[in-house]
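Structure 1 and structure 2 below are two forms of the same protein chain, each written out on its own as structure tokens.
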Structure 1
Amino acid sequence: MRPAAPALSPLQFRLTAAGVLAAVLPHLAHLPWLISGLVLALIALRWLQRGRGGKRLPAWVKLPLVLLFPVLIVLHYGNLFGREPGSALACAMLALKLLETENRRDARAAICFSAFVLMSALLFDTGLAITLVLCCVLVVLFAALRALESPRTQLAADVRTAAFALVGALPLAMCVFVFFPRLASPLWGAPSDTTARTGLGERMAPGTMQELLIDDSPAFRVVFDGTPPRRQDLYWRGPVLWYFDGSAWSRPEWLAAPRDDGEVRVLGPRIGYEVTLQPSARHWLLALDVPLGAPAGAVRGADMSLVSRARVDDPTRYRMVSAPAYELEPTLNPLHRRVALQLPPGFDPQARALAQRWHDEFNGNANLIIRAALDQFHEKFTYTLNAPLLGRNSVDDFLFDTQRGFCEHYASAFTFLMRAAGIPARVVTGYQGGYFNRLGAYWVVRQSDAHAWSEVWLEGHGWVRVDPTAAVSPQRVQIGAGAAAGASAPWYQARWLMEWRNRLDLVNQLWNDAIVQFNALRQQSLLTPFGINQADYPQLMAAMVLAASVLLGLFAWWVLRASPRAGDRLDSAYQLLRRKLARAGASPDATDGPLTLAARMALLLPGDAAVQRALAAYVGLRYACALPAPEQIRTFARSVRALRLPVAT
């Protein structure tokens, strides 16, 4: 019969369970709360059950759990296939594997599966922060594997060895990353998830942008070819919203059709720049107002919004040219006029009456009507992120009751008033401003810079930008979202913290450039300095083998050139003992063993029992057991250091 596999010691099990828990933690942010709770509960219960000496769980307990998790995943996602359902199932199965982990074979399987689950976390985020977290988790897994090799393991020594192993593997890992031929599309071919990440949407209602305004993560980064515009002129155009149903603004799909590309007359200098857009799981591209074209793989709609044909699931880089001074659609399309004057019947009667009064008072003069609306905002309204909730007649509630809100409240109300006064108007969403990173010489625009403004059509001028938020809080445009938020977001006031985050953003930018955006095209151009303009797979493999051979050769040279080590701690203590015996007159040569030295010292110092005890202890530690305990070695070393012998004359 095959002998039973060795059972796990308490420390070995704890390290294995810690590795399983560490591999699951990076997934908790995107797992459903029910599955996350069950996975964590199983790991915690197994830890407690094993700590109290519990036996292996019976099959009638584990089998229902094996069936429960797939059912929960199907009920939540609709299937078991895809990135999120697959990762949820993998985390659940890993927790169930821990329930039956009793011996070293099971522990090795659980640790290897943990490494697979850990790798799948990179399907959701490839940033520098998550990569560093995964490296720390790998140290835990390596330490658990090392602990399985010895029944008398030491936690600190295992973790230290695991960290050294990870650092030593990095050069070869980078070599494979750079030269191993990569595919243009993911190998696994799993369907993409449809969960939208933080970003601008196709609808805007009061309160929908608040999540963005308190999100400090980068939305995109920009490098200008020359002198950039002033900060207050940095309006980054996103979705343009035309339809209003009484509660939310939305955008008709037909406006993205390239057959009607809009008419733009450039009135000033053109500005060239490069945008690196962070993943948003949406189709919108951002550009400085207004873009003069569309990048490859995108279309520019009649309202100057840019729509990518493919969803932005990865960092996307594209070049743009914009004209800050422009005349947009000087002759208004009749269909655009009709849509830009649309208002839902039966909503906001007070706002309609106010707009009609302005229309009659100023004889339909658009400039005077606009000025009246902006003056009212400036005199009576407050900019705040803690805006009160609005009812069915949201515009009336905002204008005549709460009078407190942020950019989307003002853009929505102003656009409604303009339409009610007979002036074509629409809402533009995007970002405003940005922070110039002097270290990296680029601008970073964060989600908290999200903004909404209005465009009105004026005879002889076309579509003109009007930012009603600037009338209420000019510092929002001149300084930034943090200054405008004021007391409604106290964490914005820690400017030193924002400065450090912006400096650290340079590290993230370098990581994105060097690692995340290292694709097949950049890899094929690696060998250009050697005369190979577009390297194929055999050439890349040859370069990888050559680079790996050089790295291994350098490592072998470094190991061989190092002076021979004195051995482990036991040998070091024994060598100290031999030197003390030599000074006492034993004069040992390299071939003398400890028993020979003991006999010689018995003649030289017949009454000294300490020497005999030290030599006998070394013989017992070195030859009587395969692996002496660290405590015994430390005791022997202390006794050797404390040994005092007379010096021979």
Structure 2
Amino acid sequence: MRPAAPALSPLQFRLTAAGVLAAVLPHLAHLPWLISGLVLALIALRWLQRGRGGKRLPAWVKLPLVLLFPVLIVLHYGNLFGREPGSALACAMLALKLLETENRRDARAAICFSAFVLMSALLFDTGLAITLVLCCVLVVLFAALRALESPRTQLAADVRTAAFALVGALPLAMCVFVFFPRLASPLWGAPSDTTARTGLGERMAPGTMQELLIDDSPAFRVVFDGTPPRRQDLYWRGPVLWYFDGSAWSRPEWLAAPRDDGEVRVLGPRIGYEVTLQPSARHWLLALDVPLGAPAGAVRGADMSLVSRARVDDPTRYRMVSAPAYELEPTLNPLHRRVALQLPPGFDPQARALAQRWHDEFNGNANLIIRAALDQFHEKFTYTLNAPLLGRNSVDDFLFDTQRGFCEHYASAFTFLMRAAGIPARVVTGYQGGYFNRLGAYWVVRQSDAHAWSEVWLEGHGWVRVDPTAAVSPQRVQIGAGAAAGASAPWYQARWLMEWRNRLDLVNQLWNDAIVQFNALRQQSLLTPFGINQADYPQLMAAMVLAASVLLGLFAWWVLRASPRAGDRLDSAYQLLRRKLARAGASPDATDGPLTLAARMALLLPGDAAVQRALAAYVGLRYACALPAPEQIRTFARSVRALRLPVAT
């Protein structure tokens, strides 16, 4: 039997446990709360048990736990395979590994497994923030590995070494990143999750957009070819909703049938632009009203909404041309007319009556009816994100009772009124506005810019956009939903904060462009200038090995170049002191000893005691003792760094 391996020192164990905890933390966002709680509790209990000098846990404690987790996971997810169940199982097993971590071999295994669990967090998110968090966790893991090498290390030294190792590994990682053969797909062939994300839906019921309006994550980014339209003209067209069932608006599937361009008459200039859509797990593509044609892989429906054949699971980029001035469907298709006048029977009698009254009063003049409806909104209604709940007759409740709400309430009520008054109308959802990012010269449209408006069909004009929200709150269209909501705007939509978020958005955009979207094509374009036109895997591997060797050689040279005395912190601190003295006019010669300099400084700056103290401290450390204590050297170095001397003219 082999002799028992030496037990871990307290610091070694704590660092290992901290590494395990840190590796699990990025997963907490998606783990079910029960498993999160159990994992955290296991780590905490083990920490306490070990801290009190507890004994090795018996198998009858560990074995049931090992069986419990898979059962819980299967109960929650339905199986053990796939991204979520797999990482949940990994987190649970990692926490269990900590239970039996008693010696160095166990700790090494726990740390290596932590690194794997940590890496699997990238399957969920490849953003810059999570990458930075992962780097921090790696420092903890490296520090734990280093602490395992010797029981007498110090935490600060471990962390320093770990950070140094991480930074040292960066060039090598970049080299492998650039040269490693990759498939023509994004960085991780990660399976996309199937849970719903916030984004425009295919249904719109009162309140469904509320979640969106407080979500500030970017929906898409746009770069215009020329001068962009004014902000209030930026209506980004998404799903068009025709069918109202009394509570929600939805879109009949058959309207997706593509139609030819003849239905749109372009009246003004065309605007070219490029859209980068964030993953939405849906099929919608967004385009400026009204899109001319559809990007490759997508179709334009009869109602001018764009639908991609593939679900948007990765950032998607496409070019579009739109016409801000247009005449849409000058002659209304009879089928469309029927759908655009559809109303659910038995709902909202008051609204129907009001619309009927207008119809009679204005003799069916559509313009006057629209004017009357907008005037009513303008006079009596309030724009707010905190809309009261509505009952069964949602339009009646809203029009005659609450009179408070945001875009979807207005679009819904307005469209209802128009239909009831005999004017064909439909609800268009999408986004309105956007923020120009001066740093990156692009527009970013956030989820909180989600908007809903109406289109009415007028004889001789075709479909005309009417935004009832603009009648209530013109600011909503001019400066954005958050600002228009005023006091009810969440604090994080403050102006100064938006400025900073624009900057952050640029950084994220760059990260996304440079790292996450780096694919085989980009890799090839990087290699072409070096004469590699069609890189095959062996060539790429050769390039990778070559570049890595050069980097490692440079690193080795840098490490070995240092003379034995280069590590002397006292010398480097004294050199800094001499540089400061030189700036103060002492012109220190290489043969000037510290006392000579002290005498010179006493003449130059007679009142300056700090210089004299610093030089005296150096003499004390360097010449008055055989081996200066490290903490004294650190104190000296600090005092030198803090020393401020007048600069000689």
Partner chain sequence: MNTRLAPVPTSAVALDPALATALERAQAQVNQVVLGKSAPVRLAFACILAGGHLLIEDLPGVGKTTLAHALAATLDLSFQRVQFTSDMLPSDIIGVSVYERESGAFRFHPGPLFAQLVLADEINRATPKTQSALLEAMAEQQITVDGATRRLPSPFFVVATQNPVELAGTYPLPDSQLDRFMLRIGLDYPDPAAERALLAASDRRELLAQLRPCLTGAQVLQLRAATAAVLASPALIDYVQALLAASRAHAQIRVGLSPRAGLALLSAARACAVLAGRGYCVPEDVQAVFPGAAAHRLIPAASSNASRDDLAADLLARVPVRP
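So that the term is clear: the rigid core is the largest set of C-alpha atoms that superpose within 1.5 Å between two forms. One-based numbering along structure 1's sequence throughout. Note that this is a predicted model, so its numbers are computed, not measured.
- The chain as displayed in structure 2 is taken from the form predicted together with its partner chain.
- After superposition on the rigid core, displacement of the C-alpha of Ala340 between structures 1 and 2 stays below 2 Å.
- Core-superposed comparison between structures 1 and 2: the CA of Ser280 stays below a 2 Å shift.
- Relative to the superposed rigid core, Asp397 undergoes a CA displacement smaller than 2 Å between structures 1 and 2.
- Lined up on the core, Trp33 has its CA atom moved by 3.2 Å between structures 1 and 2.
- For Asp106, the displacement of the CA atom between structures 1 and 2, after superposition on the rigid core, amounts to 4.2 Å.
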